[in-house]
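Just one chain is shown here, as structure tokens, and it is the form predicted on its own.
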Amino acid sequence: MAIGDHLPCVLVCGGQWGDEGKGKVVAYLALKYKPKIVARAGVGPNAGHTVYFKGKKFGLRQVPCGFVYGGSRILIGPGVLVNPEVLLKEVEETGIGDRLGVDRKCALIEPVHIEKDRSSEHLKEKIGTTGTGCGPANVDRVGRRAKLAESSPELQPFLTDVPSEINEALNERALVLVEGSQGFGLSLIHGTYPYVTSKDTTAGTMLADVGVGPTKVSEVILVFKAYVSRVGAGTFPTEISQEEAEKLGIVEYGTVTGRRRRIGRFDFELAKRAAMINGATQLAITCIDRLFKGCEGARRFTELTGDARKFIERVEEETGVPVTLVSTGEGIEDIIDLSRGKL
């Protein structure tokens, strides 16, 4: 589906338990397609997205990784929780203050929410939350007690109407890129309850987060790792031991929590369900180089090892969705693009 065939609103969401590499995918798409707007959907600062840009590593929890394209407007939708302290720190790190817009209706995370999160035996010890205050803040939002961004003195310079900005851009047929957070398995509705986050994380809710109707979406790009990782407790059918993960050379730590990630084999059943419920039109596979040695830095499909190519083909067969992006390294440029210039 080429840009221009429909209103070009492109969603990038996670198909596993987060940590799939959405940040890099969004950064690549932003630099390639130069969207007018890059908007952040999702829960809030409990999810960290990592991107390597101009020799620097950015671990972002509020600012979308599409900031790397300097011509885009950077927006945070009204469905996203905002911690002003975290956001302002990232604004300083990325230098996007003149491009940032925060919706007036974003609910705020306050110190009391963080304290409740970290002191709750159920949330912190049993569920294994990130302790960033998102769950308690969403409780207050549902209870109609949460403060909104429009009441924050620090956020006044950035306040805007995000749904209006996005829909105006779409009506002009300008490209809008929406970055989700976490992953399908952590959805409050569809995930491995109760070991989930505090709201739904699928494409449908991403649209509500930024104020876009479903008829305005052109593509849903679902991101999978070539293996699976998970931080915290909860069901993990394909999990392997840490010793086995180390033998494979896969040792990872959460962007936000710093906790060691649990590692597992690719879960085809999870992938099929995630593709179905998200309405995926394209798939991105990341970390192929970590699972299949010899693929690092590849830029063409034919440069991948035979095992890696067979794996990608099986993902397509099982999900019924084409794989259009394959990440082969940390850098934004380390990617195989099979989309033929289409979104």
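Position 1 is the first residue in the sequence shown; the rest follow in order. Predicted model, so just to flag it, every value in this text is computed and none were measured.
Unshown form predicted together with a small molecule; subsequent notes refer to it.
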* Asked: Taking G48, I127 and G131 together, does each of them reach the small molecule in the model of the complex with some heavy atom inside 4.5 Å?
  -> yes
* To do: Heavy atoms, 4.5 Å, the small molecule in the model of the complex: which of 144 to 152, 227 to 235, 104 to 112, 87 to 95 makes the cut? Say which one.
  => 227 to 235
* **the small molecule contact at S72 in the model of the complex, heavy atom, 4.5 Å** => no
* Using 4.5 Å between non-hydrogen atoms, is V196 touching the small molecule in the model of the complex? -> yes
* Asked: Is there any non-hydrogen atom of G23 lying within 4.5 Å of the small molecule in the model of the complex?
  -> no
* To do: Check whether L186 has any heavy atom within 4.5 Å of a heavy atom of the small molecule in the model of the complex, and answer yes or no.
  => yes
* Would you kindly say which of R259, K216, R173, R118 lies with a heavy atom within 4.5 Å of the small molecule in the model of the complex? => R259
